[in-house]
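One chain is shown next in structure tokens, namely the form predicted alone.
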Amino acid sequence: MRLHVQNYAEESLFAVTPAQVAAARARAPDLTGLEVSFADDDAGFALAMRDAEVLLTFTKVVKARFQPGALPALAPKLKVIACTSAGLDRLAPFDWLPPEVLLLNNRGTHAAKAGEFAIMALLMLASRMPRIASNQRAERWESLFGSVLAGRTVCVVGLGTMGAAAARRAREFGMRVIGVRTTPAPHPDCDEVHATASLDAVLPRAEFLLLACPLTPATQGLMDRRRIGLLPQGAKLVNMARGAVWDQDAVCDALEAGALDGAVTDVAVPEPLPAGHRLWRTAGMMVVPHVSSDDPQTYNDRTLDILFQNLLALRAGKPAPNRVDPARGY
């Protein structure tokens, strides 16, 4: 099996290295017969695609190099494209992907870091730190008192690996966790789970709302102005999903009006967020530059372990755990 790792020249922190691949192969001794190549330029990519059966790369590389109709001619032997990201909304629509090529995401890599970020954000909101930070910038001394998390209710929208990790951490702090996802099947880290179709009925109980769902046509604008208005007075928000999942202006309006007490967002529209944008200056809003769930110390090791688990499953004739369904977008 020929695996090609395509980095890009501008990436240094998360570029996959031969040493990391060698270590991952040692952790997966059953994955025998693997030939691996590396490149970060056009010539190396073109040469590798002649024989590559598996490609591990970044979403920006896939988007740039696989335009509709490019496959299979560009890579006639390619069977698997594995992306280093969990969310692949940047690659939609998937009309560029032939049905004979499997697309894998990186779901699972972010869980540990995402869980820690989520509980940090919830603790900050409970202690009203976004408002306190806004007061610091304004040089205003105002005694703002917070509360403990225990006994409070958080609604987690999206129960993939990131949302589940957030739910698990919240329960460790004694919170009541309401999960929302496509189907209302029970989840071990939630006290109750509701279908997305029932979101309106759940929001009035959400003292804290944490968004961790993928961006798809179904979730685009999910938290619009009307739904933000359904939240209880003084509710607190965390967005770890995508900026387009909520109405940014409506959130800012609610913060300025005092309807919402605080918000922490790891995502924005656009990214990078330009100077002078409203999100930067809205009191009670804390902006994080899309770094909540990526740990450079562990990211590539976990990425390779997940890829090799999928390759072993395919070799055994089993479904690949990280296969993306283009119809759903995740």
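All of these numbers come straight from a predicted model, not from anything done at the bench. For every residue, the number given is its place in the sequence shown, counted from 1.
Not on display, but discussed next: the form predicted together with a further copy of the same chain.
Contact annotation for the candidate site: T17, D51 and D325 all lie away from a further copy of the same chain in the predicted bound form (no heavy atom within 4.5 Å). Among the residues M285, L55, V62, L304, the one placing a heavy atom within 4.5 Å of a further copy of the same chain in the predicted bound form is M285. Among the residues Q136, T183, Q220, S198, the one placing a heavy atom within 4.5 Å of a further copy of the same chain in the predicted bound form is Q136. Just one listed stretch, out of 73-81, 94-102, 184-192, 107-115, contacts a further copy of the same chain in the predicted bound form at the 4.5 Å heavy atom level, and that stretch is 107-115. Remark: G69 does not count among the residues lining a further copy of the same chain in the predicted bound form, judged by a heavy atom distance of 4.5 Å or less. Using a 4.5 Å cutoff between non-hydrogen atoms, S85 does not count as a contact of a further copy of the same chain in the predicted bound form.
In the predicted bound form, E256 stays away from a further copy of the same chain, with no heavy atom inside 4.5 Å. Though the partner is left out of this view, D40 does not reach within 4.5 Å of a further copy of the same chain in the predicted bound form, counting heavy atoms only. Along 279-305, a non-hydrogen atom within 4.5 Å of a further copy of the same chain in the predicted bound form is carried by L279, W280, R281, M285, M286, V287, V288, P289, H290, V291, D294, D295, P296, Q297, in order along the sequence.
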